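One chain comes next, on its own, written out as structure tokens in the form predicted on its own.
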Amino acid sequence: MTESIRVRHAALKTFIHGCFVAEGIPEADAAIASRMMSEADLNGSDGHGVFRLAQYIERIRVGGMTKNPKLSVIRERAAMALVDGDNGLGHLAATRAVEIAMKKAETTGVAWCGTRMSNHAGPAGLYARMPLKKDMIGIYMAVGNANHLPPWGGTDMLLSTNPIAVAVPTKHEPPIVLDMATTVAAYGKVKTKAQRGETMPEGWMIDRMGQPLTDPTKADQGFLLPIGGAKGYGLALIFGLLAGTLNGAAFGKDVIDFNADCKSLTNTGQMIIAVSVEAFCDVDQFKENVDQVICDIRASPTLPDFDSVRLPGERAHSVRLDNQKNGIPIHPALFENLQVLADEQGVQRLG
């Protein structure tokens, strides 16, 4: 196996920020996007962090994304808001929506914010985690940025990975963070497999004859499989309606494949729900109860092939700790591409 190159989190964030600023992105916007992208890599979501940087910059260069977007709230009530991202970096609209939801939930207890005219914003867990700092539960859904999933029993690509993430605060334990696509694998994982020259496990994708597809370079000849069969298809449909159609964002046949089309507006939709724990119960008692649930689950006797029982978010937490200590692993193929990008942008290479 090819050994990855370790890069410090601060250095990676600085690199991303510099590339964006060199492309004409305002400093404040570049700071938000670089923070969220480097955070994705820190947590091990390597298909959604710096891996996407060159793709974002190419889209900006050809006019597919707005360099200096003017975000606005176009609909608002006491416990909801709809943010228009003005076709800027998706991290900006998604972050703004979470911030608004958290602020409103301080008063209303629960708040729901959606986005339209956004773009790809990285892993869902980034945004579900944000309310944790306010002792809130975060729930995030999004319409994926390319359709790779047909309706159950069909062959037309009308649905995407449409992820969901839910983050629940704890007292002493790492927070519970469920972050999952409605497909067996996120498409970002397919793209990273292709870049690394690796094959996909059987069960991620099938071709149009229903046969396993394991070559990621031939992904356009097949489609992703939903989790749980028809149930995963149903979830992808509902999440798309809530994060896309409800917000006036693209869904179904209107979704643009941003992997293949750099120029067309994606009109991506996301939604976030912030739930104030304090509105429902004593915060400390709730977090202690969640800790106890975690301990009870971990104490469960294991099946023969399992070493332990894990909770959602545990792997990302352990990866984060390792990456903070030893640096974020960057595959050599990606590392070389980033060095080329650095030269193009006139910024310091990653060291």
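Small disclaimer: the values here were computed from a predicted structure and weren't measured. Numbers follow the displayed sequence, beginning with 1. Only the largest set of C-alpha atoms that superpose within 1.5 Å between the two forms is called the rigid core.
We do not show the form predicted together with a further copy of the same chain, though everything after this point is about it.
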Answer yes if any heavy atom of L242 is within 4.5 Å of a heavy atom of a further copy of the same chain in the model of the complex; otherwise answer no.
yes
Is G234 close enough to a further copy of the same chain in the model of the complex to count, meaning some heavy atom within 4.5 Å? yes
**OP:** May I ask you to state whether S300 is within 4.5 Å of a further copy of the same chain in the model of the complex, using heavy atom distances?
**Re:** yes
Exercise for the section: Using the partner position in the model of the complex, report whether D220 sits within 4.5 Å of a further copy of the same chain, counting heavy atoms only. Expected result: no
As a check of understanding, the residue in R61, R310, K325, K70 with any heavy atom within 4.5 Å of a further copy of the same chain in the model of the complex should be identified as R310
In this chain shown alone, the residue from I256, M130, L213, I176 with a heavy atom within 4.5 Å of a further copy of the same chain in the model of the complex is I176
Given 152 to 160, 92 to 100, 261 to 269, 119 to 127, the stretch touching a further copy of the same chain in the model of the complex at heavy atoms within 4.5 Å is 152 to 160
Applying a 4.5 angstroms cut-off on non-hydrogen atoms, the residues of 48 to 71 near a further copy of the same chain in the model of the complex are none
Original post:
After the core is matched up, is the C-alpha of Q221 off by 2 Å or more between this form and the one not shown?
Top reply: yes
So with the core overlaid, does the Cα of K189 end up 2 Å or more away between this form and the one not shown?
yes
